[in-house]
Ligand code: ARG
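Given as structure tokens, the chain that follows is alone and in the form predicted alone.
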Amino acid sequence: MKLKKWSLLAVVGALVAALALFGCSSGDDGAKKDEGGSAPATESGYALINDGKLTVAASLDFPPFENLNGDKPEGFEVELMQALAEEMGIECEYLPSTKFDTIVPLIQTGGKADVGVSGITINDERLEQVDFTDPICDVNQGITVLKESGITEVNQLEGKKVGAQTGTTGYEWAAENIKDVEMVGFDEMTAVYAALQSGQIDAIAVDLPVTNYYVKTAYTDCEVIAEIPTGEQYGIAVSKDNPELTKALNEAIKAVRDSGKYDEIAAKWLQ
């Protein structure tokens, strides 16, 4: 009789332990990760790669929007992202410089950065891959040549070599609108200007604020010969799997604009 009593207790105890283990493994693990293994959502409903930090992917050679001052990112979008993160009650952290044409695919894939910037124009092709916030900047394209080149109009570039950063709307515009053009793509903007100075290309197609900055500060032997009214708008790229982050960023953008902080940052970098 005594033996049966203890055997029954052992069975009951084992059953309780098994139920507890099952409950822990299914319930708690589901709270920590979704089916895709993504980061847990914050109290605001959006997920972050690193808790309490907005991780940003950018090509850090795109002044005045992003650039490296030593090893520290600076520029219009850098300060804007910092202001947005502060408004959201989190920190802002930039990854090492990322090739421009890999930023949108990186955000689409997920796992390394929460958002992508670097003068990313909102267009239909990119909207198939990622979501975008409300626009953060309006821009046109610009065409730049060497001052002594004799080229004063865009139509003189027919059949010539035009350089641009690979994957940019400047590259696309020149390829589609300059007759018989030979496009030459580069990973970094500084390489595009070096190619112009060395005679490898005849002109550059790039966002107007960027080429204005480079011509004014570093490449004074170059000049902008045309502004192309493409009417583009930059946005912040966000994964389609993280709509609450897009919503939170839009709310922060509105708050930063309403407070006057946006105009303060723009006056510093875009004038």
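This structure is a prediction, so every number in the text was calculated from the model and none was measured. Each residue number is its position in the shown sequence, starting from 1.
Another form exists, predicted together with ligand ARG; not displayed. Remarks below refer to it.
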Looking at 45-53, 236-244, 62-70, 221-229, which lies within 4.5 angstroms of ligand ARG in the model of the complex, counting heavy atoms?
62-70
Given ligand ARG in the model of the complex, answer whether the residues 164, 193 and 211 all have a heavy atom inside 4.5 Å of it.
no
Report yes if any heavy atom of residue 168 sits within 4.5 Å of a heavy atom of ligand ARG in the model of the complex; otherwise report no.
yes
In the model of the complex, does residue 121 come within 4.5 Å of ligand ARG, counting heavy atoms only?
yes
is_contact(residue 100, ligand ARG) in the model of the complex, heavy atom dist at most 4.5 Å
yes
Within 197-223, the residues that have a heavy atom no more than 4.5 Å from ligand ARG in the model of the complex:
207
